[in-house]
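The data below hold one chain only, encoded as structure tokens and taken in the form predicted on its own.
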Amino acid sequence: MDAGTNGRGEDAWNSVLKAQGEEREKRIAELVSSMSLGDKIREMSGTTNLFKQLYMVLHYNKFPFLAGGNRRQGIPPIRFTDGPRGVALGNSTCFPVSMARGSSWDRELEERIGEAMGVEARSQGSDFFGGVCVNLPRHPGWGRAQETFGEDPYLVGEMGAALVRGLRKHVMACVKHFACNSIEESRFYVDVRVGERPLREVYLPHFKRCLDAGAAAVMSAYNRVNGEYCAHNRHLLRDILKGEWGFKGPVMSDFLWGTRDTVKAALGGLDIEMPLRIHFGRKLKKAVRDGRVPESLIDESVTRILRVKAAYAEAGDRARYSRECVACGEHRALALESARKSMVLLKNEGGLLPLDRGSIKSLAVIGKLADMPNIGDKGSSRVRPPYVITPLQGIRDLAGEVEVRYHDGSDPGQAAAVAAGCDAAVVVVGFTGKDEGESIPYMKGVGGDREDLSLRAEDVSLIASVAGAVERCVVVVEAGSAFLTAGWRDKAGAILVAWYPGMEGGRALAEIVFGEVNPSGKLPVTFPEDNGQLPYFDKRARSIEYGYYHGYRLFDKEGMEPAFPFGFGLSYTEFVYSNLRLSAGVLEDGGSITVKADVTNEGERAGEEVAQLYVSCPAKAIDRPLKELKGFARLRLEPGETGTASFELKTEDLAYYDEESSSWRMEEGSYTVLVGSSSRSGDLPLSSTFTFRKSGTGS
């Protein structure tokens, strides 16, 4: 019987909400069994009305995108909005992009950011947030690398999980794009060829980490994996995600071209098509009636959808949700804190930074980006904050008695003349949404990938001109991922990576330049010396091989020296590592070892350090990376203070995927732990070993 026509549909939904645990599952099953095929299929696709869809062609994310829902049955729709640098509705708080936040290596901060985003989403009518992007940039020139947290699966997983923990207090957190999505301009058709081992060890573990943290949904990717579109990919969606991992929530397609075939998508494991009913409407109903899609699969999808709707029906505290919460003072302060912790000091020759406002009388600020709101790409992740503090404004606001002279850098000779008359210069260069970001079909010159990581030739020329005219030259680079520094870094006395720093970025930059804040960011991606050190990348590839190695692991394997290593970042103080100790010398199946190390601030300024734990495996039975990140801890230390970084290693953290047995295995032997300030061997002064043995194999 159709629950929508018997007058009891709404009561049935209310009974679902009142139940818990197994009883709720029973009530959901009863509701699904009473629904008509049409009502069930309606739950499986976007339902935003046509007028709003057309309006959002020009004003994307003006309203939440709806999916499913039935007024007669009392079932609410899902209300989707995008991220991840903030809520893409209204005039929300714009945080630094995810790559910048990855530079903070601060789980606790990221969780607070997630909670703020959740509050702002709910305050603007959304309950489903698609802002947990955890794809790995196999090549740092991927246009949307700015939307993820870095190159390493452990770091990305930890930061993504933290974001999920904050979001899930208020909204459904959707993790995207599943999987192997890291070429922008060919994302709609590229076939990523990847072996089972790299898929499991490199490109999937961070997704599982986010699901284990409580993510409610998964968004499939546009691309193919091993010949099949991700929204149709039975191995990804049914075998791994819903089978091995036991994920109970729905899988939603990426928008429009994310679904290509009705039957393949339904059989493959897709549950929701967005944002329109192209394949999961009449075509799906016909496929069921023709016997090409079992109705049991429809029931499964609807069960997943209703399960997550019920779980979040009463989420959060409704008293907290109001328009006054959007870009409120608390959230703006959080954006400022994030920008402070995200910026990475790459070079500081002779202690050029911080600039002492008491000893300099004039400061040149050079470059068009210094006076431009530059907060990331203009695609689906776009946030429209009520204001943006530019570098120039931030510096002027904090300059005090220092005279600030600005030139847009359009004429390097004139810019050099301005700098020559000053005690120091800050040159702001880099990229914008025109250079990198989401590639929008039929819109040329917007977003896309960077096959060449070099700065623009005019930026390099500007740096050379200004650095030649003034003794103290600071170069600030705005970007969404790694860039090349060869050819100009020797000319700069100091180099600061600002990324796309959000609405409060200019203020944070000024605080670091003038020493009110001690920089503490660490690179979440390796900065190469040249393009030739990176994996092959073709932004228009129809097919591409994703191997086992990229990032710092590739540099280690090939013995290449990067310009700046993964995990690197300078401070205005000095940290010294000592006293490494392990809780045990032997690790057995199912056990764990605690690793601790002391970090001392031996400088004269308070500061924060990110201690990093890497592990080298025996690698006798199978090829493995020279070392892998397995832990990190952020410590705030006063001058002279010593703190302890503590890490826990579990056996599953050290396992590799055996393709022959289709299982995870541990290799017996000696494992080396390394602790320090970056992935570079010279920055890992502490090391020790432990032995792994299988239970019952002797002493």
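Remember, it's a predicted structure, so these values are computed and weren't measured experimentally. For every residue, the number given is its place in the sequence shown, counted from 1.
One more form of this protein, predicted in complex with a small molecule, exists but is not displayed; see below.
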Exercise. Would you say all of G130, Y222 and E438 touch the small molecule in the predicted bound form, counting a heavy atom within 4.5 Å as a touch?
Worked result: yes
Checked R101, R144, K522, R138 for heavy atoms within 4.5 Å of the small molecule in the predicted bound form; positive is R144
Residue within 4.5 Å of the small molecule in the predicted bound form by heavy atom, from D459, D152, D82, E511, is D82
Partner contact check in the predicted bound form: of 625 to 633, 204 to 212, 74 to 82, 511 to 519, the stretch with a heavy atom within 4.5 Å of the small molecule is 74 to 82
Can you check whether E273 is within 4.5 Å of the small molecule in the predicted bound form, heavy atom basis?
no
(message) Under a 4.5 Å heavy atom criterion, is R553 part of the interface with the small molecule in the predicted bound form?
(response) no
Q) Heavy atom to heavy atom, is Y321 within 4.5 Å of the small molecule in the predicted bound form? A) no
task = Report yes if any heavy atom of F255 sits within 4.5 Å of a heavy atom of the small molecule in the predicted bound form; otherwise report no.
result = yes
